[in-house]
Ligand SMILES: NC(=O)c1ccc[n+]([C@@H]2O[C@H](COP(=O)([O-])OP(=O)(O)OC[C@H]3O[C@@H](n4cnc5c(N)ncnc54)[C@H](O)[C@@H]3O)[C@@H](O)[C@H]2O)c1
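Form predicted alone, single chain, as structure tokens, below.
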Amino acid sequence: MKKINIALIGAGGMANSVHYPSLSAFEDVNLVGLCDVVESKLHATAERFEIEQRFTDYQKMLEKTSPDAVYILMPPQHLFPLVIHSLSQQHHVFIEKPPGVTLHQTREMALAAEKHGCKTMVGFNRRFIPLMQKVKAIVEEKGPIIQCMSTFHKNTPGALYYDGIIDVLTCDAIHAVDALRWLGGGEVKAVASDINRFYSERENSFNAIVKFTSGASGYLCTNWAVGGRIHTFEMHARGISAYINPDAGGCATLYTNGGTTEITPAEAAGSDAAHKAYGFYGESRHFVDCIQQDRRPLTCFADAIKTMELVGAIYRNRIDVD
């Protein structure tokens, strides 16, 4: 199997804690260059992951290293031009969520990827959490999912993302939106939502019922003004129900007529390392495998359009609008 040469843009917290530890463990990946405008972060990260070529200009890095793929781990307001340029040079591209500040940006990135024949992926890692994948497979052995729920809560009522350039739902709660799409197993057919401001001048609670063409009913429940970080999921099919907390210390509990089964995140992942148990390792492995095997990644830009469209539908279809 050939080595995939990957160039890296960004030396921040997520890059260092989950993305680069994953990539550096792959025997079929070469990390050929790193770019960051903060030189102290650039050199510290490059030293840690033994990356020789270092840059403060990403275009120079791409020109000099000629990578197969680029990881662009940047705040959403800086993402678009870097993605478009990388795609124009026919580099495959991985980005973190959100996939742009607007639906328009996501669509333009997807069009550019198609035009230049590039593989793309958005880091919606919840789909790649081993516990989530294992439980979903067990549930679907009984039949298609008929009801699902995606819950995401925090205790940051006045959360302001990137100085207000992007809203809570599009920037962060989008993880719960994308997971719900994945669980629902079909296209979105109808949406009804309730959006509120709790103890804040900004909207910080987004709740919705989503009807999927698969026949499943999906429920989104998010609130940034409650007790703390709670990120849980439910999957229900004929004769089986699963309640999943994939965070460290959590577990999945499956209920059937035969009794109750529990699975921990570490058991499902075969590791208690956070980047493996929480899906970051798996999503990068999926991206590299898709390049190796000439397959379309599950969370490519074209698919991310649908998640962004569901975000838009949640905003449009409020039940309390006069």
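In this text, all values refer to a predicted model and were calculated from it rather than measured experimentally. Residues carry their position along the shown sequence, with the first being 1.
A second form of this protein, the form predicted in complex with this ligand, is not displayed here; the remarks below concern that form.
Although the partner is absent from this view, residue 218 stays clear of this ligand in the model of the complex, with no non-hydrogen atom inside 4.5 angstroms. Within 4.5 Å of some heavy atom of this ligand in the model of the complex lies at least one heavy atom of residue 125. Within this chain, residue 12 lines the site of this ligand in the model of the complex, having a heavy atom no more than 4.5 Å away. A residue is said to contact a partner when one of its heavy atoms sits within 4.5 Å of a partner heavy atom; residue 35 meets this definition for this ligand in the model of the complex. Interface residue among 119, 107, 136, 97 relative to this ligand in the model of the complex, by the heavy atom within 4.5 Å criterion: 97. With the partner omitted from this view, the residue of 82, 112, 191, 251 that lies near this ligand in the model of the complex is 82 [heavy atom within 4.5 Å]. The candidate site formed by 74, 162 and 175 is fully in contact with this ligand in the model of the complex, as each residue has a non-hydrogen atom within 4.5 angstroms of it. With this ligand left out of view, the stretch that reaches within 4.5 Å of it through heavy atoms in the model of the complex is, among 38-46, 63-71, 290-298, 261-269, 38-46. Taking this ligand as it sits in the model of the complex, the stretch 236-250 never comes within 4.5 angstroms of it through any non-hydrogen atom.
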